[in-house]
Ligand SMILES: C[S@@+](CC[C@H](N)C(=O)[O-])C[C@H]1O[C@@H](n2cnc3c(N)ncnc32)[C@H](O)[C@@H]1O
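Just one chain follows, in the form predicted alone, and it is written as structure tokens.
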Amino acid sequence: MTDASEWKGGVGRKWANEWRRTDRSFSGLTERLLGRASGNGLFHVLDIGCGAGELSLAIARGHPQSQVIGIDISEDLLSVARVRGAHLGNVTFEHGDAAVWCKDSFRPDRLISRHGVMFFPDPVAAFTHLHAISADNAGLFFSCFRSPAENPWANGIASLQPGGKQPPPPGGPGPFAFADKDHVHAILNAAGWREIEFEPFDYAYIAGYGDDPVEDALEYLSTIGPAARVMAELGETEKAAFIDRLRGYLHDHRSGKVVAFPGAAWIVSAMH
């Protein structure tokens, strides 16, 4: 599991350095999520766990009349987002925990998040707080992974490590905490949200691209994500063997200039 303290430190720095490849990997999902979250009457937008700012910047560009605030606990990621958004006057990025953050006179009518809500220590309390600071009839839109079984990159990478450890189960701490839609529905319902809906969305998780997409993917996955976490815990001999297995696994998923895996997400929506 990646917890808040890690995002505030080395993990956040690594993701900040990899923002281009991260945005690329989620490009298909981002487009769909933005399509669901956009619409009329969009004036005050809160991007939860905004990271390097991809969603915030897209909303700000497409809705110049709106005020967009991105919030994240990683100062390193926020530094990237601020540079990317320096030319836009209607977006700001703030350091904070969305579970307790609030701003006088800012009551969001849209709350959005790309895979940024699965790590709340107390999700009911967090979503209750977000409900409390939102405008009447505000819309909540976020994406989260479906089960590891539907995301073969997760099981595949897990199977390469010594002992073949599997990702944490749905409902437990980690990236698949919100895989079970009944579990998520119960959280949102307890927090006061209504009209809760789940759209299953499949997309290409792009890990590598270019003339040597396998090495591009290897560099990317060796820096952030589950493979990087495995490698950090291995000795040099085991690490070298793991990298060889990972390189072969990536080669099996290469098609021309792309290394991609099936990705499976929920796009969750709810109303205030």
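Start at 1 with the first residue shown and count on from there. These numbers were taken from a predicted model, which means no experiment stands behind them.
Another form, the form predicted together with the named molecule, is not on view; read the next lines as being about it.
A single residue from the set A154, A179, L111, A98 has any heavy atom within 4.5 angstroms of the named molecule in the predicted bound form; that residue is A98. This chain is drawn without the named molecule; in the predicted bound form, the residue among L160, C144, I71, I187 with a heavy atom within 4.5 Å of it is I71. Contact with the named molecule in the predicted bound form, defined as any heavy atom within 4.5 Å, is confined among 179 to 187, 103 to 111, 71 to 79, 133 to 141 to 71 to 79. C50 belongs to the set of residues with a heavy atom inside 4.5 Å of the named molecule in the predicted bound form. The closest heavy atom approach of H115 to the named molecule in the predicted bound form falls within 4.5 Å.
Residue contact with the named molecule in the predicted bound form: F261 places no heavy atom within 4.5 Å of it. Within this chain, W15 lines the site of the named molecule in the predicted bound form, having a heavy atom no more than 4.5 Å away.
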